[in-house]
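Below: one protein chain in two forms, given as C-alpha cells, structure 1 then structure 2.
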Structure 1
C-alpha cells in the first residue's frame, strides 16, 4: 500500500495563510500597537502621540486606586476559580447519575453559558437591585449592591454562575472517561465512596481540572466587565472596580489611551505570568492517562 503524500514545501503555508491573516489583522497587530502606545501619551481627539517612556507605567503603579484594583482582582479571581471549579465538579457528578429526565437537567444547568455577561448582569440586577430587587423584597435586606462587601460577593456569584455551564460540559466529558472497572475494583477492595472519589475519580479528572483552572483564571481577569458595568459600575466606592473595568473606563470614558495601553500590557503580562506559574507548579500534580 502506498500512502498518499503532499509536497511539504508550499501547501502547508498556503493552508495556514487564512488563519494567519486573521490572527495578524485582529490579534497580533492590535496587540503590538497597544504595547507600543503604552510608551506614549496620546491626544484624546486627534490621536497625536508623544513619546513618554515609562511615564504611564510609573503613574499607574504609584496610583493607590490602581493597586487596590490589582488586589481585589486577585481575590476575585481566586474566589471565582475555586468556587467555580468546586460547584461545577459537584454538579457534574450529580449530572453523571442515571436518572429520569437527566437530559433536561443537563440542558438547564448548562444554559447560563449561552448568556452574554450583560444579560447575566441584568438577571442578577432583577434579583438584587436596591429599588425593587426580588431578593431584597423577600429578605428585607436591600443594600446588596450598595454595600461594598456584599456587592463584591454578588459579582463573584454572578461570575461563577455565568461560567458554570462551560465547566460542567468539560467535567461531564471527563467523567465519561473514568473507567468503571477501576471503581468496581476499588469498592471490592473495600474503599468507601469518598475514598473512591478522591483516589480514582479525582485523579482522572485532574487534567480537565488543570485545563479549567487556566481557562477560569483568564475568564475571571478578562470577562467580568459586562457584569460589573450592569450591576455596580465599579462601585460602591470602587469596591468592585476590577482591573478590566478600570481599563475600560480609562480608555472609553476618560480617553487616556496611553494609560489604558499600559494597563492592558500589565494585565496581559499578569495573566501570562499566572498561567506559566500554573504550568510549572500545578501541572506536576496532574495525572495524564
Structure 2
C-alpha cells in the first residue's frame, strides 16, 4: 500500500497556523500575562504597575475572607463530585435496562448539560426564589436562598443537576463494554445484585469513573460562576462565595488586578495539584481491560 505524504514541508505548518494563533491569543498569552500580573500591584484608575514580588500571595493567604472561600470551595467540590458521580452511575444503570421508550428517557436526562450555567441558575432561582418560588409555595419554606446553609445546598444541587447529563453519557457508553455473559455467570453462581455490581460492573466502569472524577473536579472549581451569580451572588453572608466568584469580585468589582491575578494562579495550581494527586492515588485502583 502506497503511503500518502506531504510533498511540501511548509504545508502542515500552514494548516496548523490558525490553531496556533488561537492558542497563543486566547490561552498562552493570557496565562503568561496572569502570571506576570500576579507579581505586580496595579493602580485601579491609572493602570500603573509596580513590582511587588510575592506581596499579593501573602495578602491572599492572610485574608480571612479568601480562606473562607477556599474552605467552602473544597467542601462544594467534594459534594458535587461525590453526589454527581453517584447519581449519574445509578441513573445510567437504570437507563441501561431494556425498557420500551428508553431512548426518550435518555434524551430527556441528557438535556440539562446543553444548558448554560446561567440558564441552569435561572431555573433553580425560579424554583427556590423567596418571593415566588414554586418549591417555597408548596413547602411553605421560603428562605432557601436567604439562609447560608440552605443556599449552599441549593448551589450544590444545581451544579450536580447541570452536569448530570455529561456524566450519564460516559457511564452509558462504558456500560456497553460490560460483558453480559460474565454477569449471567455470576448470577448462576449465586452472586447477588450488589456483589455482581461491585465485582464486575464497577471494575469495568473504573476507568470512566476516574476520568469523570478529574473532569468533575475541574468543573466544580471553574464552571460554577454562572450558577452562583444568578442564584446567590456569593451570599447570604458569603456562604456561597466560592473561589471563582471571589476572583470575579476582586477583579471586576474591586479592581484589584494584581491581587486577582494571584488568586487566579492559586486556583489554577490548586486544581492541577488535586488532579496530580488523583493520578497518583486513585488511578492505581483503576482496572483497564
Partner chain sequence: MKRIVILLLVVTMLVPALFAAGKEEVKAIEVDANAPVTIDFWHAMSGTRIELIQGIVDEFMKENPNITVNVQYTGSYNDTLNKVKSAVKAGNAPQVFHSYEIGTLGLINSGIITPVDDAAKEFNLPINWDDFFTPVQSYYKYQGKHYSMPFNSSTPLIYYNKTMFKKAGLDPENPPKTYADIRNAAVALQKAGIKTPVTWNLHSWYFEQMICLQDAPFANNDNGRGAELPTKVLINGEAGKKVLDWWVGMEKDGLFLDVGPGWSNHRAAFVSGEVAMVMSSSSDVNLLTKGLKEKGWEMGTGYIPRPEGAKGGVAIGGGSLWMTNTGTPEQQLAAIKLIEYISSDEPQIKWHKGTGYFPVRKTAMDKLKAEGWFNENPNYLTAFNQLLDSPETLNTAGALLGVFPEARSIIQAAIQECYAGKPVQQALDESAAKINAAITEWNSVIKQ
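What we label the rigid core is the largest C-alpha set whose atoms superpose within 1.5 Å from one form to the other. All of these numbers come straight from a predicted model, not from anything done at the bench. Numbering follows the first chain given and starts at 1.
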Matching structure (the form predicted in complex with the partner chain), either 1 or 2
1
Establish whether a shift of 2 Å or more occurs at the C-alpha of residue 45 between structures 1 and 2, with the two forms superposed on the rigid core.
yes
Rigid core fitted, is the C-alpha displacement of residue 273 between structures 1 and 2 2 Å or more?
no
Check the Cα of residue 15 between structures 1 and 2 on a core superposition and give its shift in Å.
5.3
